[in-house]
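Just so you know, structure 1 and structure 2 below are the same protein chain in two forms, each on its own as structure tokens.
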Structure 1
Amino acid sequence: MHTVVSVALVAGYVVGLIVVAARARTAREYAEFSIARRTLPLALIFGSLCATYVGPAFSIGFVGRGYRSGFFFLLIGLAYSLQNVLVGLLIAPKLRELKDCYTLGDAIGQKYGPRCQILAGLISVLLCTLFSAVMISAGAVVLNDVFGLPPRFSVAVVAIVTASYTAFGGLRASVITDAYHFALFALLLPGVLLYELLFHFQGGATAFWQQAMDATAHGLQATPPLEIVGFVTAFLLGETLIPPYANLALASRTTVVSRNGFILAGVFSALWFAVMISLGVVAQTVVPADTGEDYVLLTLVKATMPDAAYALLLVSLVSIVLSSLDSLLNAGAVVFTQDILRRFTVRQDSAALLAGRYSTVMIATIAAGMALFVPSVIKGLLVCYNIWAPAILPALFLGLWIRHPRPLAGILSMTVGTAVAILLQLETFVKTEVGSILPALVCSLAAYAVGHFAHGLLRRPNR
């Protein structure tokens, strides 16, 4: 009986996904594929942003962190919330104001010229492919652990399912399926927490306080200050305006929607982290001490809830992965088409739409191949975070706020930021506990300043 209910729930999820993806319909124009014709309302922008950033690390990972170190990691997670609010206040509306802008590379191109757009496009495609590989790997781990499917087959299933609806429906299909995934896990995981608190947790508010404080104190003592600085920096800067978020800022119906979407997503992240960490605190009395951090949530639900609830949890975990992956694939494809292919060829919209579809499949294929070699989800994400912020953010932020940004400054900042971030992650170089973001960011800013003044000096004799 339990098995029948579980199978029915999983089948219901799959049917729901197919219906939603089919109703999102095939994109007929390039503007629809890339920026959903800028018609997305606040609720969908908010849902898609949250569904994209809530991946395995912000769900399973945070429950594990709450289990080991209580609310200590909430303080670090708040840096991420702050980042979203700041992007909403300072960058997203400015991006949305730009005309004929489909990608972050377009924005950089409008400020610094076509060479910078191509460079930004190359960096964005590289990062989207790396992020996608990490997400495919995470999805494959879930399928492998739960259903016992072979790793290669699991990778293929995750990549093919996501690429199929993203390639045809474009951004609109990605956003609508994101909303489906978001609604599912935003109802289920807090539901699990409330169920545990009401029916299983012994000792009430006093026991909860005691367990939370003990674990938090342990977390604070066990983490060196420099490592805390590294975590806060990674959460504050690592995922700032990565291509899927930038595309959502550009696809918002209005500048107000763009701003409010990011601010609300920032507030939501704080609430979400609190819920995930509380699940970890509650799990301390149920889950054995030698359980790996990534298995705390699964073990908790398996031990305390009916089989059907366990099946639902697995479904929501798959949702969490797919919702991040589809946004990354679409963003990567749009960036590749807009910032690289359209600079040289593919001028017509119909050709660009076709190129976007093929690019989705190409990125999914490459990412699936790379997914087999991803060492761990967290490590993979940290590599991406460490490269993105120094490579793009200084040029983007200064370009949007300086009156006359200079092309040499943009090129130098992106090149130096990327090179230093990659070099600092290689084993042969000295690794610091604060990670490579801060040093690479300083180098990127310095290169920007040099490029800015050098460009001015080089142009002066011509005036």
Structure 2
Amino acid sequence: MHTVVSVALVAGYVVGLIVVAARARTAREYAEFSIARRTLPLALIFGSLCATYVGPAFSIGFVGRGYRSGFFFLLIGLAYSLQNVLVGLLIAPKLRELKDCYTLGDAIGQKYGPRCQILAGLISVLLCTLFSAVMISAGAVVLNDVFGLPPRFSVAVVAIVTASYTAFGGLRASVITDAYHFALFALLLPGVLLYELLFHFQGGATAFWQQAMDATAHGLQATPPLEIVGFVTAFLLGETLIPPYANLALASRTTVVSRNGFILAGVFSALWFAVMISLGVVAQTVVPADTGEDYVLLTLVKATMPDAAYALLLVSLVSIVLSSLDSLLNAGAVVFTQDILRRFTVRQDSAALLAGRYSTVMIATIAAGMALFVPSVIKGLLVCYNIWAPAILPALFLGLWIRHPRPLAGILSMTVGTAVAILLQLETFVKTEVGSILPALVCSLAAYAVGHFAHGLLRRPNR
């Protein structure tokens, strides 16, 4: 009975998703595919950002971390919430003000020149593919639990379903389906927490608080101070204006919509982290100690809730994964088309639209292959964070605020930041999850300074 109900609800959800995506219309122009003609209102920006923010890392992953270390990881997550509020106040409106800008690479290209745009495009496509692999892996965990499919089949189903509606509908279909996902899981998972507290947690608020504090103290003691600083840095900067978020800032109807969407979503993310961590604390009395962190939430609900409620949770988790994945696939395809292909070929609008669709499928295929090697949701995302922040953010932020940014500074910063982050990540990740972000950021900033002053010295004799 459990399997029948689960399969029926998940299948019904997929049908509903296809209907919603179909009503969003197939994109017929490249501007519609990439930035939805810059017409997205606040409700859709907020819903899409929230649906992407509270993806598997901030649901499945945070429940697992709450189970292991209590509210310690909530403190880490609040750095992420702060980042989104700051982006809304300081960065998103500036991006929206730029003209003829489809991607973050376009913004960097307008500040530093075409070579920097191509380099930023290559880095962005790489990171979108890595992020997508993590999302596909998380979706495969859920489908494996529902249907008992082998990992390869589960990965294929997640990738094919998401790529199909994203490739044809573009950003508008992605945003509308994200709002559909958001409406589902924003109600379901807090409902799960309330149910667990009312019917399965013994001892009331006092016992819950004591259990949470004990786990939090253990998490703090088990984590070295430098690693805590690395975690905070990773969550503060690691997803800052990654391509899906940048595309939403650019697609907003106005600068006010862009600003308010990020601020409101940042506030919501803080509330969501608290709910997920609380679920992890509740799970300590139910879930066996040897449970993998990506399976704590599934194990908790399977052990305590009726079959129909468990099936609804699975639907919610599928929606969480797809809402993150479709945004990443669309953003990666737009970046590849706009920042790389259109610099050399693909001049016509129809050709660019077709290239965007093929690129969506290509990125989904590569990410599906990589998903089989993702160790866990949080660890996979931390790898992405450790590369993205030093590779792009120094050049982007300084380029938006310096009046005359210099191309050599941008090239050196992105090249050195990417190379150092990857090399250090390969060496340190087996020892610590966040070992590369701080030194890589320092190297990226130092390279920017060298490029800035060297560019001035090289130009001076020609004046």
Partner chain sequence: MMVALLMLVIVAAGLVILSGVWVAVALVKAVWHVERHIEGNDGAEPGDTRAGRQ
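All residue numbers here follow the sequence of structure 1, with the first residue given the number 1. So that the term is clear: the rigid core is the largest set of C-alpha atoms that superpose within 1.5 Å between two forms. Everything numeric in this text was worked out from a predicted model, so none of it was measured.
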{"item": "Chain form predicted alone: structure number out of two", "value": "2"}
{"item": "R406: Cα shift of 2 Å or greater between structures 1 and 2 (core-aligned)", "value": "no"}
{"item": "Post core alignment: T216 C-alpha displaced by 2 Å or more between structures 1 and 2", "value": "yes"}
{"item": "V281 C-alpha moves between structures 1 and 2 by 2 Å or more, core aligned", "value": "yes"}
{"item": "Cα shift between structures 1 and 2 at D290, which is computed once both forms share a superposed rigid core (Å)", "value": "4.4"}
{"item": "Y67 CA shift between structures 1 and 2 in angstrom, with the core used for superposition", "value": "2.9"}
